[in-house]
Each structure stands twice: as C-alpha cells, then as structure tokens.
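Coming up is one lone chain in structure tokens, specifically the form predicted alone.
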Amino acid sequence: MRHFLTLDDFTKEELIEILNIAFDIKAEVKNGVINHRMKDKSLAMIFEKSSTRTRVSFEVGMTQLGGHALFLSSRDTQLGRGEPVKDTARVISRMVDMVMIRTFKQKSVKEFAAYSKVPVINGLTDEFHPVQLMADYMTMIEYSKADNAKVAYIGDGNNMAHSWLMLSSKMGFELSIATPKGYEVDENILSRALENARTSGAKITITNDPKATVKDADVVTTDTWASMGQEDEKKQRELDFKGFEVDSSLMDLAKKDAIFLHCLPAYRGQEVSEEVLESPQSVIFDEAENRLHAQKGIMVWLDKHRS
C-alpha cells in the first residue's frame, strides 16, 4: 500500500503516471463525462489547520469520482482532545477507504500512515505541501513550461520551498531559491534534494539574491511570508523580507513569456504586487483549479495501488 506524504516517496515515472490520470479526468470533466472511478468509496478529511482550497478541492473531487468525503476538524475528533495519533489512525482507517490530513507536523502524518490500514495523503504540514506541487507541475505542463524549465522561488524557506526542492530533484528541472538570510530551507531536506538531483540531472541553486534567482526564469513563484501559526512574527517578517516582493521590476528579469504561480492565499503588496498578480503572466487561478484535478489523480492512483 502506498501513501502520499512527500514527493520524495515517488519516482519521476510514478508522478507522471499520476498526472496523466489527472489530465484524463480533467478532460472528462470539461467534456461533461462522468466516470465514477471511486464509486461508493469514502475519504476522511482531517483538518488541524483550516483551509479553503484544500477542503473544497478534496470534497468536490471525491464527489466527482463517485465517492463521499467527511470533514473532520480538530474539534470533531479525539485528536483535539489528546488521543494518540496511532489510536485515531487505527480506528478511522477501519471505517474509510482513504484519509487526507492537513496538520502542523510532518511527523504526525508519518505516524498516522504507519498505523493506517488505508492510504494517507498529506494535505499540508510544516515540512511539505506535495498536493500543491502536483497542481503546480500540472499547470507548468499546460503552459509548456515543464521541459528544461527554470523555476525561481522567492520567499520563505518553508514547506512550499521544500516541496519545490523535491519536485525539481525528481523531475530534473532547474530550480533557484532565494530567501532572506535566516529564512533558508532546511539543510536535511536540501541534502536529500541534491542527492536526488545527481540522478535526475536537476540543477538546484540556493541564494539570498532574488534578482539573480529570477533572471531568465520560465516560472516565478512565491508564498506568503507568514504562514498559519506564524502570525506573531508577521511584523518582523515584513521587515526581514524587504526586497523580496515579486513586483513588475522583478518579473521583468524573467523570460518575457514566464508565468507566475502562487499557492494562495496571496497578500497583495507583500510577497507579490497587485500588478503581477493581475497580469496576463499570472496563471494562479488555473493553478488553483488544478488542485481539484491533481488530487483526483492522486486518489485514483493510491486506490489502484492498495494491497
């Protein structure tokens, strides 16, 4: 049985296989074709961190696949009352066909998967956001930015930066990450990405210079400066991230046909300017829609590979 906890758990070929399923499903939806690949299956969605896009995309996705999704917040489960993760995993996984968890700690998802009888999907943790990167790469393919691409990531060395490292190191494209000093990516995750890159041929660059990072990029992407749980750091981060806003002057350093990605929600005037966010180069809403289709591809693939 396979879980979807980090992109590092998959080969390039497996990730492409998942995306091919996603593209097939998206085409069917656009043509009004209903194909219930997961008829009568159930998905438990456990949210310790709230979300708009994650909940809607998984719930609607499971419905379109012919199944049913159950929303469980920390207020609705014994996890919120101190029950061990392993106990919750052994109970819930006996009642549903798949579990998606959006939580604070990667170790919680790993522990849940270790005791689960069904596939577990990481909907976001402090270390990784793999479902988002599947949607991002799907968008890159649609805009012909996947082959021999250079991706520039500007901002915090957070779960999105870590996930870009994993995607690049698996798919073999060039990735340049620029963070303010003191906000660099995790060294262990970077080491793992560089190890993968020796096989895939990916070129990975880490710097504190956003201008050098964006130069000649095919894809420019960023993330919020203060993630959920970091609200008390917001004022300090605004000072520390000065010069890291993706504005038109920074985008001008990328290729003329470069696209802009953002996982959303976006804070205009902070990590990205209004002008860039609303420009023709911004494909953030196509990207957001692709969360729906990419996640359906993930669920179908995991269901197919259950033992």
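Computed from a prediction, not measured in an experiment: that's the story for all the values here. Residue numbers run from 1 along the displayed sequence.
What comes next is about the form predicted in complex with a small molecule, which does not appear here.
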Region of this chain that lies against the small molecule in the predicted complex, out of 112-120, 198-206, 154-162, 137-145 [heavy atom, 4.5 Å]: 154-162
So the small molecule isn't shown here. In the predicted complex, which residue out of 69, 264, 253, 277 has a non-hydrogen atom within 4.5 Å of it? 264
Here the chain is shown alone; which of 227, 77, 93, 106 has a heavy atom within 4.5 Å of the small molecule in the predicted complex? 227
In the predicted complex, is there a heavy atom of the small molecule that lies within 4.5 Å of any heavy atom of residue 170, even though the partner is absent here? no
Please determine whether residue 129 contacts the small molecule in the predicted complex, using a 4.5 Å cut-off between heavy atoms. yes
Is residue 124 close enough to the small molecule in the predicted complex to count, meaning some heavy atom within 4.5 Å? yes
